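Shown here is one chain on its own, the form predicted on its own, set out as structure tokens.
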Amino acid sequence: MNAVEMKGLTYTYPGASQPILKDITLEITKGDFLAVVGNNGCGKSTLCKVLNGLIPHFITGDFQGEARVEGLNTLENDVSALAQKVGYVYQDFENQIVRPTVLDDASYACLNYAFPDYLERGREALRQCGLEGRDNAYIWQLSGGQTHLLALAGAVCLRPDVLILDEPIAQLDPMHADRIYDVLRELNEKQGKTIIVIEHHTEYIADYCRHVLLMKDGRVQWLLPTREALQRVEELEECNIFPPQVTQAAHRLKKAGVLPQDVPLPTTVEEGKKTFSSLTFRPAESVKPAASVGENAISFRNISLSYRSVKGEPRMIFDGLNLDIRKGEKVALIGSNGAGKSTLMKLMVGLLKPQSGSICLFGEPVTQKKAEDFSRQISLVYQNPEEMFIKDSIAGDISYAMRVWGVKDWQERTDALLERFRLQDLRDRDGRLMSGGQMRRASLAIGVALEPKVLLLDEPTANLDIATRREIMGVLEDMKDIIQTAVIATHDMQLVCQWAERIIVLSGGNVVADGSRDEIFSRADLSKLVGIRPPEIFTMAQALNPQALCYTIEEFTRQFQEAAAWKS
């Protein structure tokens, strides 16, 4: 039996000149675990919003063809009826949390349907989603991963047959990402739910999904078993979808003649152990990074900070923190959700004040001054770029701080920043109406407008597809001449390994590790303690040779070659 059936589905948004979905005919088998992939704007989210009736019942437009979910025609049934068949967890899942306590929120949908057993359904959903025992906790006491699980529980409580999740792990550390997918696997295998995920992280697709659906230009290109789908490296890359790193590495080695042409490409580290077993490791010459001995840009001394709590004791974030960030460093702050990364950045710019201790910026105390007093020396680019937009155009947002500070050539500098960040054609566009990658570039332009000595970036690649993430990494590399000192808080380990010179690991408000990428990722205890995980290609290299420290596909393919290649 099919969970989803579409025939000749074409849909055009109101006011759009071209349809976003074009003559889609599709069948999704009941009980499948399906990943929907494709580049930005190909129609992935639109396709899924047809399934729960948001299109066309709330978002109108020109709708042609037919869509059925669990036998229900989506045109003939309203959103209320479809919600009991299709649960949806959106990319901005925080907006789905509407009640103050965990059980109250998990059972809220069932209360709206006047189910007499709404509390029992809520408790069952919390148990299924790994939140058992948190019934009376306030939602603001939850970590980011737990909040995402609560949004999932709110959908599960209606006991739908189909669950859709849009970018389920975009803002999560690896530990919480694993937890989300483990819950989905349990719901799929034990409860028989049909799971549909819109996902860019192909390593999770390889580990959890049974099938992959590729969309391109509003059409379904194919729907294939996961292993077969991830073998199509070049076709996926043309759509800005990048297979797992082990798959990409094997593909490159096959093209170079290092691996036999008839060897299937591995999609997991376990498969890679067999595929790469014949290769010989040739270590690269180690280059020890020079120790930073410059003046301190930011200094923390005995910092203590706690948040007031509505229930229970205040939540301690930092207790006696000591840390120095030196001028000229490129620093990555990493750690699990709730470790204190964003809080540390807000302390640096004066948005938060510690209960005790001192913070100095280039030797000058900041704790007794207003945040705006230091805005020309240090700038924070927020995790959600739309929070950076206060005017009705990007040009206005970029120029705003310069005009406030009386920068004489603000118009010329605004034009230069628009050009540098490839925003000239968008200068009059409201930043909140742009794509994710465009918003990121615009927020970076705003952040560097006053040419601060220190730039802080909170999750600069969150919610972006891999192609856009690579673009943002390129932008950061291009800004060397502007930024003296940069600090990035991120879960993106590829960004950390390719960009950072120093890595600071936070856990429970403490610095538990501080060093180079080799010093950090060679410690297995940190992964267990903090939940961080190196890039997959690093894990692959370590599985083949414990001496191998490869952080990129390029490093792996250089250091692992066939034995005969080095005999000469």
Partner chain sequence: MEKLMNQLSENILDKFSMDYLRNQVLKNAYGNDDTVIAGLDPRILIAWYLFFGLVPWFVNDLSFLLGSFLLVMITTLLARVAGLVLFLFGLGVFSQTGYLFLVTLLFGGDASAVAPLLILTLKVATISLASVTVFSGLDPDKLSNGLMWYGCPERLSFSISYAYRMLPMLMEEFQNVLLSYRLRGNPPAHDTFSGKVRYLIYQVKIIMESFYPLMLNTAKRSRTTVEALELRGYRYAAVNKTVKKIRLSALKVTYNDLLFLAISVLWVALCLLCSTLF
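Numbering follows the first chain given and starts at 1. A quick note: this is a predicted structure, and the numbers were derived from the prediction, not measured.
Another form, the form predicted in complex with its partner chain, is not on view; read the next lines as being about it.
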{"query": "Listed residue (Ala256, Ala416, Val404, Ala284) with a non-hydrogen atom within 4.5 angstroms of its partner chain in the predicted complex", "finding": "Val404"}
{"query": "Interface residue in the predicted complex among Ser143, Gln96, Gln484, Asn188, criterion: non-hydrogen atom within 4.5 angstroms of its partner chain", "finding": "Gln96"}
{"query": "Stretch from 231-239, 271-279, 203-211, 432-440 whose residues place a heavy atom within 4.5 Å of its partner chain in the predicted complex", "finding": "432-440"}
{"query": "Pro100, Asn112 and Phe389 all contacting its partner chain in the predicted complex, non-hydrogen atom within 4.5 Å", "finding": "yes"}
{"query": "4.5 angstroms heavy atom contact with its partner chain in the predicted complex for Gly154", "finding": "yes"}
{"query": "Exercise: Lys370 in contact with its partner chain in the predicted complex, heavy atom 4.5 Å", "finding": "yes"}
{"query": "Partner proximity in the predicted complex: Tyr118 to its partner chain, non-hydrogen atom cutoff 4.5 Å", "finding": "yes"}
{"query": "4.5 Å heavy atom contact, Asn52 and its partner chain in the predicted complex", "finding": "yes"}
{"query": "Heavy atom contacts to its partner chain in the predicted complex at 4.5 Å, residues of 346-370 in sequence order", "finding": "Lys346, Val349, Leu351, Lys370"}
